[in-house]
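First, one chain by itself in structure tokens, the form predicted alone.
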Amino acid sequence: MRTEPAQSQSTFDFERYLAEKRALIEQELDIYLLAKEPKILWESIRYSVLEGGKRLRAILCLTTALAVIQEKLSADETLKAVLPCACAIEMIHAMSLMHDDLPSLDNDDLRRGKPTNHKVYGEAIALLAGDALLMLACETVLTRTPKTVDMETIVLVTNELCRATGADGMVGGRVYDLEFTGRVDQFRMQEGIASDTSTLELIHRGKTGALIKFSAWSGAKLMGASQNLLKGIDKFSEVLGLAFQIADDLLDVTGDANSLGKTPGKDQAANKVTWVTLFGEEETRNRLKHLEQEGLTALDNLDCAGESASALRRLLQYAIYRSN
């Protein structure tokens, strides 16, 4: 099991921070996802959105919002302003997992330690519930973001959410992932590793990184962050997104079903192009160490308010050293 380096410890109570923000997000999600008709559709939605999950993307959104120095809004008002967007991010993330688990994609039976959505509700309902969540996410940002945020910014953020989710982001990255599945040996035969690295980062920046990058950007943008701060957050979140997926590649090899809450070993079984299948565990760990330093350096250059800098630092290290 990987453990976080001792030198990364601080007086900042990260576990408490996570718990408090997670509780806020889940309370709000429960309100947004009140059961309606058709009953089976909303049961399926609530099953995948509300039952478990680390909420890291949504917490990242809240954290970058709190990083913006605001004289006119308190911390509580800031959180209220960005909670709809944070909840929309969780809806999009849940949708992606529901669809990824379908037999036509990853064909997985286990997610967050319980049967996947299609195993409980059937493939058709899982597909339709994911579609409904996609639309509900956009609706949530547009209609539930309070009037303390101007409508032009709300529309811009909604547009960027669509881009991060669609062909230019998560969906596009997933397609690249499918295209290169089964081609590990072909990549290994290439001379050098530059092309391998660039292809992997192309997949990861779309499949995982796009939504993480949006999560970080959107919280700050909704609070009127300066262009300089937004650029710094973009740089940090690119590193975070890449590190999160590479750590996920490693966990597929080193983790177990009990700790992961999903089926391990599927990347190798499917002959997927990942950091581990191409470069091995040791090189993957080295890459994660390099990304950690790159991310911490990016954070050192950010002018963050309050405890946000500590929270972002710990989110980076949690993404890298997590066990699930």
Ligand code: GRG
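In case it trips you up, residue 1 is the first one in the sequence shown, and so on. Owing to the predicted nature of the structure, the values given are computational and were not obtained by experimental measurement.
Although not depicted, the form predicted together with the named molecule is the subject of the following passage.
Contact residue in the predicted bound form, from 118, 213, 207, 221 (heavy atom within 4.5 Å of the named molecule):
Filtering the options by heavy-atom distance leaves 207.
Pick from 171, 154, 138, 73: which has a non-hydrogen atom within 4.5 Å of the named molecule in the predicted bound form?
The residue in contact is 171.
Could you tell me which stretch in 80-88, 104-112, 120-128, 230-238 has residues with non-hydrogen atoms within 4.5 Å of the named molecule in the predicted bound form?
Heavy-atom contact with the partner occurs in 104-112.
With the partner absent here, would 13, 15 and 63 each sit within 4.5 Å of the named molecule in the predicted bound form, counting heavy atoms only?
Spot residues vs the named molecule: no contact at all.
Answer with yes or no whether residue 96 is in contact with the named molecule in the predicted bound form, where contact means some heavy atom within 4.5 Å.
Contact with the named molecule, yes.
Would residue 295 show up as a contact with the named molecule in the predicted bound form if we use heavy atoms at 4.5 Å?
No, residue 295 sits far enough from the named molecule in the predicted bound form that none of its heavy atoms falls within 4.5 Å.
Just checking whether residue 248 would be counted as a contact of the named molecule in the predicted bound form - the rule being heavy atoms within 4.5 angstroms.
It does: once the named molecule is placed as it appears in the predicted bound form, residue 248 has a heavy atom within 4.5 Å of it.
Tell me, yes or no, whether residue 285 is in contact with the named molecule in the predicted bound form, where a contact means a heavy atom of each within 4.5 Å.
Answer no; every heavy atom of residue 285 is more than 4.5 Å from the named molecule in the predicted bound form.
Listed by sequence position, which residues of 128-151 have a non-hydrogen atom within 4.5 angstroms of the named molecule in the predicted bound form?
The stretch touches the partner through 134 alone.
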